[in-house]
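Just the one chain here, laid out as structure tokens, in the form predicted alone.
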């Protein structure tokens, strides 16, 4: 029988139940037991739903209160010394590592956070040092397996593999591989204690990366050793997000029961893996897209599976999504406002499980007489011909692109002279754009969207919020102001709602990090801007002050990356369409009197292909799209961009090619480590290294910020430096933001005086 499988399920819940429970727990409104009850209810619902849909291999231990890699670090006892004074039982230590901890005389920053491969999910980076001793320090995988078993569901526990865990840790992964012999006994203990499970899923996503000889040797040595366990579930190694490429022979030679490969992101590897993987191993075919929301072309997928069967036979075949469904919304059944035709083209997590199950049935029964196949065919037909999708004017504008459209009028040196009229001091202070989205702000916006509040009342409310924010920034002494973005729900959704070719869901939530969820827009057709999107409120904010006011936009690459993107044309073409729309907005902002315009591109690094050989092509069109959006303004208009949670060493030339007048970056958690790339490259433009970690509720001190600025001034010329938080402040509370920004301004004044 063909096995229908799943690699992971969304954990927030259809109505973001986990988010709400987490935030209530952090606020002291509910107890730990109440939080854990919400979590166990969500797990039970997911396991039982997957079983009911015909999934045979159902994952457990894919659930996490904050992050699965944080759980893995705690599982092996990789807890940095600074957290070990906190109680091990309960959740105090757990959330201190995730969010920082401040109180009762203890002041601890959080672990660093970065993007999970090329997704918009953030994981907490384990801190592992060469002197660390490992031990099995958590029973979570065993407890969740037993929890599911009590419900009548025999699950497949999921763990991050030992080699990938070391490679993804804070220190140099190649150096940490020397700790492998110290780590493997923990996995041996874990697998033995999970001996009642039939299978265990070992995620080794690093097998799709460029690997050193040391890393390849580590993989071989690890699984040779684990193969000798006398008590252990059957092992399935799961890879995803790309092709095995030159790691094909290695992956297929590992002594495990099965191998999962991503046939959505890398369909070209099907035949090679099918031929190379020994016939006594299970082939897990990731044939349903776990990262996008388009309905599967079941006939095409079945054809791929039949090719696979011709090479290997139908025995030992597992059908699965390409990766964990963590990256998909839960269920489109609750969507009541989507266009019916568009909705028929979509598949959320539960639909994807149905697609997996029906493909397994079609293989076993040898026919496609299922309603799902006819629905798939109808979706393919209507989508390809729909006038919703195609706009000839947009296509023609992209074809008219010339090299001059992606270049500023003058080089940076000349622009800098023209921008001196902004009259900014050394180390100018600013924020990244958004201010706290308080309960009042969210309630008013929801009331307006639901038709309970009229336009005039809503506009009066937003105007009052902007007035207060501008006045407060002036009193504080911030040099370049922002309007606070009180009218905006999300930095991508807000723009997508005003662009043609985008659609939005009511409950299409996807986890970004911790309790932070986003509703990615759906780009279903050609993109254009019918009218200005931000000009009215930006012009109003500038009218309230003589200080420079930043116009705030989201860049084309980030809008692309943080959306569910149409799959019927190259991503580069869609990005060019978005770039022209943002270009029009930039032009209008300048005409409205905005002398500083920030075009945020935090996703440039995130979109980088996993293999270095593919970088050049991607960076060429990504940088070009940013420059298209930014290059219509005069020399005297200053263009900023923001890039958070990125490792810049490998792409610093591309950052330079973007030619923004100033780039702000996340550096507070890494203590300015990221600035080394800018110094080595001799980056000529201006840089705003973050001095305030906004992803933690912890309030940094003035002295901490002074130390960070001094460190930055040792690496870069002080004339290049701006002073700003790591990111926007919408997720923080005013009680945290006010003292933090006050300290930031004072820190800038102190270091300005020193320099």
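Remember, it's a predicted structure, so these values are computed and weren't measured experimentally. Rigid core (definition): largest C-alpha set, two forms, superposition within 1.5 Å. Positions refer to the first chain, counted from 1.
Below, we turn to the form predicted together with glutamine, even though it does not appear here.
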property: Answer range among 484-492, 225-233, 357-365, 210-218 for contact with glutamine, defined in the predicted complex as heavy atoms within 4.5 Å; result: 484-492
property: Contact test in the predicted complex: residue 700 vs glutamine, heavy atoms, 4.5 Å; result: no
property: Any non-hydrogen atom of residue 670 within 4.5 angstroms of glutamine in the predicted complex; result: no
property: Partner proximity in the predicted complex: residue 725 to glutamine, non-hydrogen atom cutoff 4.5 Å; result: no
property: Glutamine contact in the predicted complex: residue 72, any heavy atom under 4.5 Å; result: no
property: Glutamine: the contacting residue among 642, 327, 260, 156 in the predicted complex [heavy atom, 4.5 Å]; result: 642
property: 288, 552, 165, 579 - the one with a heavy atom within 4.5 Å of glutamine in the predicted complex; result: 552
property: Stretch 419-448: residues contacting glutamine in the predicted complex, 4.5 Å heavy atom cut-off; result: 432, 433, 434
property: Displaced residue check between the shown form and the other one: residue 46, CA, 2 Å or over, core reference; result: no
property: Large Cα move at residue 554 between the shown form and the other one, threshold 2 Å, rigid core; result: yes
property: Shift of residue 430 between the shown form and the other one at or above 2 Å (CA, core fit); result: yes
